[in-house]
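So this first bit is one chain, no partners, the form predicted on its own, shown in structure tokens.
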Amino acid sequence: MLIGQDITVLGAGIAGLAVARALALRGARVTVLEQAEAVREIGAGLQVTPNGAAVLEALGLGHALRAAGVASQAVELRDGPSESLVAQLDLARLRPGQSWNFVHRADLVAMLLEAAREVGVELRLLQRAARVDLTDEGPVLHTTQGAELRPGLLIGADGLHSVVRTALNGAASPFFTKQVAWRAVIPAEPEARPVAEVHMGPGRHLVSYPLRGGTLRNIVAIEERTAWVEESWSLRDDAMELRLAFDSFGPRVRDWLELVDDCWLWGLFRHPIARRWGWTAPAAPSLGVAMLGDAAHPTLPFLAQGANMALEDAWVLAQALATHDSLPAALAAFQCARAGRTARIVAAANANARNYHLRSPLREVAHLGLRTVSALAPGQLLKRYDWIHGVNVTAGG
């Protein structure tokens, strides 16, 4: 049902550009509306795990992913203060046929933007959405410039503060998790190993891995605190605050943080998963609204699955729209296929935060258990997440 159909996507991030290409490849005429004056991503690195890489491959972007990313060989869990190795997940040896990549967010967005334009997607900038009205005759998108747009199908890929989500579900009530995150990018040391390092300490942890051919190092550092911090991706912080928060960690982490000039700080909030992901107009059921990615199921960054879930959503939504005879059936199938999986991933990410921040005596007991399993049955640690990484939503179509 997609050949020649006009579809409007709100948001030119990973979810929006991926679904735009997926839809255009299936014959839709797609317009992407972006509020900024240019498509760019502040931010730093992300991990494209095999489930996300499978979608990029199916979209014809596997080569571009490998060119832009650094192939990950392993994940190391380390004790923050002592730097001793707690556990190692040897990806190269234990999962040799899978694709694990460290990618700068800006590079992934640029790749998806070029790919969307290649298949005829139209990008319109400076289109800031004010609200969406769900009328009997279809959705009406109001912009802050005063325009009223009436798309046949509006797809919300507009992130945490989604106007599409608000239209479908009402205002959300996120709560502060009492955790904040810094992110920064520094020059990488010569011959930086293609490994994701997780340095764990009481009430805090730090994740780091190389980017852009090993020339840069990505840093994400999490600290527990009771003070409220704004939920924003663009709040600058003094790098000294970051260094002080991790001054009890070993010299490797402290040396990295000495190189930080600019860092960004954001508060981590937990948002409920949306109850309703789609809607069709009562008087015109071929017109409607859908949403995907962070708009539907925001997640904390403790399993590196935000971007990967968005990529999965993009493929499954496009496939549902292409293979069902009606829009109500397609949107119902999309939510049915995605709601349970994304809810489970969000819950697992929430649990990982607690596991990284254990305090004595639980911390010593947990680290001993991880060391034992890593030494005696190293594949078991990685197998715990095969239900995430081993899924290929593109299989079969």
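Start at 1 and count along the sequence shown; that's the residue number. Bear in mind that the values here come from a model prediction, so they are computed numbers and not experimental data.
Below, we refer to the form predicted in complex with a small molecule, which is not included among the displayed structures.
Q: Which residue, Pro210, Gly306, Gly201, Pro139, is the contact with the small molecule in the predicted complex, using a 4.5 Å heavy atom cutoff?
A: Going through each option in turn, the one that passes is Gly306.
Q: Which residue, Ala129, Leu321, Val180, Ala274, is the contact with the small molecule in the predicted complex, using a 4.5 Å heavy atom cutoff?
A: Residue within 4.5 Å of the partner: Ala129.
Q: Tell me, please, which stretch of 68-76, 248-256, 83-91, 290-298 lies within 4.5 angstroms of the small molecule in the predicted complex when heavy atoms are compared?
A: Stretch 290-298 is the one.
Q: Check whether Asp158 has any heavy atom within 4.5 Å of a heavy atom of the small molecule in the predicted complex, and answer yes or no.
A: Yes, Asp158 lies within 4.5 Å of the small molecule in the predicted complex.
Q: Hey, in the predicted complex, does Ala366 get a heavy atom within 4.5 angstroms of the small molecule?
A: Taking the distances in the predicted complex, the answer for Ala366 is no, it never comes within 4.5 Å of the small molecule.
Q: Looking in the predicted complex, any heavy atom of Gly45 within 4.5 Å of the small molecule?
A: Gly45: yes, in contact with the small molecule in the predicted complex.
Q: Using a 4.5 Å heavy atom cut-off, state whether Leu33 contacts the small molecule in the predicted complex.
A: Yes, Leu33 is a contact residue.
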